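The form predicted on its own is given below as one chain in structure tokens.
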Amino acid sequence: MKLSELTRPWSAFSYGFLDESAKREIRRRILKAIAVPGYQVPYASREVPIARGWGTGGLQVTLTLLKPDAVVKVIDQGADDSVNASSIRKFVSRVGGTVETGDTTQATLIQSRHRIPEEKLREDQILVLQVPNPEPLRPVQPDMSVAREMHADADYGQLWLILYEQLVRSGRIMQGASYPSMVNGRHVMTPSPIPRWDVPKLNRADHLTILSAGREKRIYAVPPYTSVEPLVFDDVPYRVEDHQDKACWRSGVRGFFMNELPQEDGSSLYELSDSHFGIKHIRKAAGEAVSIGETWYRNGRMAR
């Protein structure tokens, strides 16, 4: 037997890298996830040219939604220029012939790891969030078959107990990223490891949000204008990170989510987590004509 007999003739990749069968299946799963907000829909996660745990779920959804006229933005914890974000963005551009951008207002398809942009998203934009662990009940119920039954019964008492224990021990809820949130008054979801600052951005937003976990083979969604309410007690209001008085050392902007940069002398500098949002402000201060979109927050408070 010859090697040529074991290989197929060369042929080009399908548009968007994934084969049409995979795309059809993912589209059907996305439609079901939209129809039942917050519900985790299983799907056959395919192999893509990045390692599991580095955004395979988000990449599969992005490749499925690609169109030749799409404008793609990829974020890695707020940064557009990190190795992971740059590599995914270039790959999507090469297999889809799409336009790359760092500007939130210009993008039609945004894939993000752990952050939601500071500028508001529109109805014609889709946000794809990468999710390492989609199951909010895993800390209290490691048996996933039992966790599924708890979701079916809307039995979230153990999650409330965890929050109560944090209040008793620490005087406040210590849950930071992946804050459990009730979607459409029915299913509790993990809103990706986004900070508490970003969770209110999902509530009744204009855009569609799709969350995908490639390693765990789960897709769920938050349709436009759908309620997303963090689990809080009536007498203990939901609190986001207190960044109101912190200023970005590069752009001078205040009132947005910051990254803390420890210095050798023990002090800290702060930098806007949304890197391109900071670049826009720097260019505007330099006298360039820059269009900055409306933001979710104003002076550290939700602008609703």
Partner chain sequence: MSLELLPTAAESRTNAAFEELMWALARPGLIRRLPLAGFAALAESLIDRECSFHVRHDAALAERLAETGARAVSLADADYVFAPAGSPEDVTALAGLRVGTLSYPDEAATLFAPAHFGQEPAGRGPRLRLSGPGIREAITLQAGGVDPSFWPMRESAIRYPLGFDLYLVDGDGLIGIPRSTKVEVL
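All values reported here derive from a predicted model rather than from experimental measurement. Positions refer to the first chain, counted from 1.
Another form, the form predicted in complex with the partner chain, is not on view; read the next lines as being about it.
Taken together, the three residues Ser112, Gly171 and Ile194 lack any non-hydrogen atom within 4.5 angstroms of the partner chain in the predicted bound form. Remark: Asn184 counts among the residues lining the partner chain in the predicted bound form, judged by a heavy atom distance of 4.5 Å or less.
Although the partner is absent from this view, Gly252 stays clear of the partner chain in the predicted bound form, with no non-hydrogen atom inside 4.5 angstroms. Using a 4.5 Å cutoff between non-hydrogen atoms, Gln125 counts as a contact of the partner chain in the predicted bound form. The closest non-hydrogen atom of Pro237 lies beyond 4.5 Å of the partner chain in the predicted bound form. Contact with the partner chain in the predicted bound form, defined as any heavy atom within 4.5 Å, is confined among 159 to 167, 202 to 210, 228 to 236, 76 to 84 to 202 to 210. This chain appears without its partner; in the predicted bound form, the one residue of Gln175, Asn133, Ser93, Gln106 with a heavy atom within 4.5 Å of the partner chain is Ser93.
Of all the residues from 18 to 37, those having a non-hydrogen atom no more than 4.5 Å from the partner chain in the predicted bound form are Glu20, Ser21, Arg24, Glu25, Arg27, Arg28, Ile30, Leu31, Lys32, Ile34, Ala35, Val36, Pro37.
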